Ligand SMILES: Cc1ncc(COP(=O)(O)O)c(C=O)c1O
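As structure tokens, one chain now follows by itself in the form predicted alone.
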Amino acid sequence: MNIEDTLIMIPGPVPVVPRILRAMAQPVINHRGEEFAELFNECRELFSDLFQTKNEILLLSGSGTSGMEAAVRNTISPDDRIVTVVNGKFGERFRDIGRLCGNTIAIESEWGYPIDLDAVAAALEDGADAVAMVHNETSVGMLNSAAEVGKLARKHDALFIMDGITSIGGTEVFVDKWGVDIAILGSQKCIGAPPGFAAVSVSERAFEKMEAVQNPPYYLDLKAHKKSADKGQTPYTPSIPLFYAVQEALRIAHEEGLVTRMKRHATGAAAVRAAADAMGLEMFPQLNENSRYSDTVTAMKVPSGIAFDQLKKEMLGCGILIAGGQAHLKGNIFRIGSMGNFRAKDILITIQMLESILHRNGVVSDFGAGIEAATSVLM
């Protein structure tokens, strides 16, 4: 199978549409010149709309994890206490970053289970300085209650750091309304650009906290990024082609409209879930009133009768790449993304091939129910 013909249906990176690829072919320009300042400032302005914030927008050359590390390392000193909320792979990443910087209080739930808001509240009541969480935990296909965590953080005057890497631009996110002090986006997720770029929104409270931080990072120093951003620059040499790609991706999102874009993502995920239900596949996340299924990735249990490796291989043979589980969930779940600039036909093709493979392997008996269910949602 030619790699150019492969439909990528994983939770990032996502397919990059030709319009964005063409934008990357523009000439390299001086990153200290007026042309780059115009490019830089347009990106910041469009990101402000996407984040729903009036906070400072800073642009980092690095993946979403660089934004996570920047958020924690710029605000947490060794004597500080940071609550890290864990119910999946990327919550664990925040926990691990936190342990490098200060005293980490990890509030851990089983992967795919709702976060423990009472435990978060108790840790904050005990005087924790900050709380960090993943809004959309793609490792388990679950959307966590960022608004509720934000309320708790504000009540106890704690800094609120949120990984919105796979939700901002695809799901309702209200950075200012929720009181998020630092929010993070990754380029290869909901905006559909290539990997290697992170955007962070930073509140005045967060900048004030940075003034007292011991041993801040060098390359990811957010104070240095703010100083350069005021001049329409980054402190260190950026990837010019990647900036062009992000600019074009943001223009596409702006043209579509945020409400329409969010609805498309939600409908895509709902179609996958409807098809899964019709085929007798079980969702992996266990929900409560403070959590819901992700709008950008659907996580399902691997059904009996087929191993994930075989399912992935047969799907790839049909030109479609799907994702498996991570860490201890490897082989137990599989995930289908509905993220970025996907179209309804991408969802339908994926479901049609999935149902065909499951039917051929004796897992699904009522062939056609899955694609019919997905079509009823999308059309």
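All residue numbers refer to positions in the sequence shown, first residue = 1. In this text the structure is predicted, and so the values were computed from the model without any measurement.
The same protein also has a form predicted together with the ligand, omitted here; what follows describes it.
Pick from 301-309, 200-208, 132-140, 251-259: which stretch has non-hydrogen atoms within 4.5 Å of the ligand in the predicted bound form? Single hit among the candidates: 132-140.
Open item on the list: With a cut-off of 4.5 Å between heavy atoms, is residue 111 one of the residues that contacts the ligand in the predicted bound form?
Closed with: Output for residue 111 is no: heavy atoms all beyond 4.5 Å of the ligand.
Notebook entry, point to check: According to a 4.5 angstroms non-hydrogen atom cut-off, is residue 55 in contact with the ligand in the predicted bound form?
Noted result: Although the ligand is absent here, residue 55 would stay clear of it in the predicted bound form, with no heavy atoms inside 4.5 Å.
Against the ligand in the predicted bound form, would residue 294 count as a contact residue? Criterion: heavy atoms within 4.5 Å. No, no contact at 4.5 Å.
Residue 68 near the ligand in the predicted bound form, any heavy atom under 4.5 Å? It does: once the ligand is placed as it appears in the predicted bound form, residue 68 has a heavy atom within 4.5 Å of it.
Selected contact from 352, 48, 63, 341, since only one has a non-hydrogen atom within 4.5 angstroms of the ligand in the predicted bound form | Among 352, 48, 63, 341, a heavy atom within 4.5 Å of the ligand in the predicted bound form occurs only for 63.
Work out which of 87, 188, 84, 144 lies within 4.5 Å of the ligand in the predicted bound form, going by heavy atoms.
It is 188.
- Query: Who in 156-188 is close to the ligand in the predicted bound form, meaning a heavy atom within 4.5 Å?
  - Reply: Contacting residues: 163, 165, 166, 188.
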